[in-house]
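Here we start with a single chain on its own, the form predicted alone, put down as structure tokens.
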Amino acid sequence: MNQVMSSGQRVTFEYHMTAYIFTVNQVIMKGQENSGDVERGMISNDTSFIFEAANTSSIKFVNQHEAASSNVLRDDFNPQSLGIGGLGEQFAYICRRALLSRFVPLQMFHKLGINHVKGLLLYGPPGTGKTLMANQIGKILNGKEPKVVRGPDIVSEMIGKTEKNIRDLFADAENDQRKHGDQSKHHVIIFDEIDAICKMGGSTRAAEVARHRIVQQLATKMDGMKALNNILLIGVTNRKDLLPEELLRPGRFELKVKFSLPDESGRLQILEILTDKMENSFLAPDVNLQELAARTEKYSGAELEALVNSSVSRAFNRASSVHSTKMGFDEESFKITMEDFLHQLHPLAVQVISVN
């Protein structure tokens, strides 16, 4: 008490019969947090310490009140830049259930006796934005680069190879937790087409045994996530019904979020995102996105993207001199019209051209 500490000062202390040395990196005065670095300060009853181990140190700190509540989201995170039109409700639900708890200091979490949601399953029809959402969640978390694997790619015909592939996915997060404790960065594993591991190769007894073994390996690694505070596993599937119940119970893929075809408001958001960069100069004045949203009922996000791409291609075709020996293109006069969009509606079909 009343000891003066200066920035850069080296201090010795004893803890559990072991001597340590720490260096004061920064001094912040109570009530003056925004005034910049302070040269020195005096320890009082209200003083808080945040300890950080050097990269070369074997020391690990756990359950620090301040350090554990460090930024979970990237500093440059901007919800408007996610490009997830029509999925605001799902994104808000995922943030509330899977991300918000990570802002709470782990010390408080341990006292409450609860754990973060570590398994998230996104399911629904193809083209509804599940993989897009998974990728964006992985990008906004302030941590390691997300690992993205496809179910079919991880399955191997070699005995034991698939199980090893699954173990390898979790190895970095496990090693990081052992080395850095609560200071470990977040690890996100995105498991696209996760149902593939449950419907692999045939209906023979051997194939059934292999499937069971692989599912059990994944379940075992997910159970091990209870001891990890630095991991989020996101599964993506079009066929939730193919996943065994043992993967869906609490503690594994416990948070399940359904993705449906976007409503008219969602379709308008998607079209606005897809045409955002072309609005000022390339969209003709007669393009009415609200009308397009109303006329694209039952379109998925992927189909809306295909609609925009094919409309742009039609405009390119109209503006280019494709039959001349030297293709000409006037960027200044290039416009995508409402007729370009309407021409591609109902259905979005591949045009077959016969060439003699």
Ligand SMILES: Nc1ncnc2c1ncn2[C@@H]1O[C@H](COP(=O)(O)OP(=O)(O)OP(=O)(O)O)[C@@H](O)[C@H]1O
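Heads up: residue numbers just count along the shown sequence, starting at 1. Here the structure is a predicted model, which is why all the values come from computation and not from measurement.
If you look for the form predicted in complex with the ligand, you will not find it shown, but the lines that follow are about it.
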Problem - Three-residue site 142, 145 and 231 fully in contact with the ligand in the predicted complex at 4.5 Å by heavy atom - result: no
Practice task
Could you confirm whether residue 136 comes within 4.5 Å of the ligand in the predicted complex, counting heavy atoms only?
Solution key: no
Problem - residue 283: touches the ligand in the predicted complex, heavy atom cutoff 4.5 angstroms - result: no
Exercise for the section: Indicate whether residue 130 is a 4.5 Å heavy atom neighbour of the ligand in the predicted complex. Expected result: yes
Handout entry: 4.5 Å heavy atom contact, residue 270 and the ligand in the predicted complex
Key = yes
Fill in the blank from the handout: From 84, 219, 99, 248: within 4.5 Å of the ligand in the predicted complex by heavy atoms is 84
Handout entry: Interface residue in the predicted complex among 125, 160, 224, 152, criterion: non-hydrogen atom within 4.5 angstroms of the ligand
Key = 125
Handout entry: Candidate stretches 39 to 47, 284 to 292, 297 to 305, 311 to 319, one within 4.5 Å of the ligand in the predicted complex by heavy atom
Key = 297 to 305
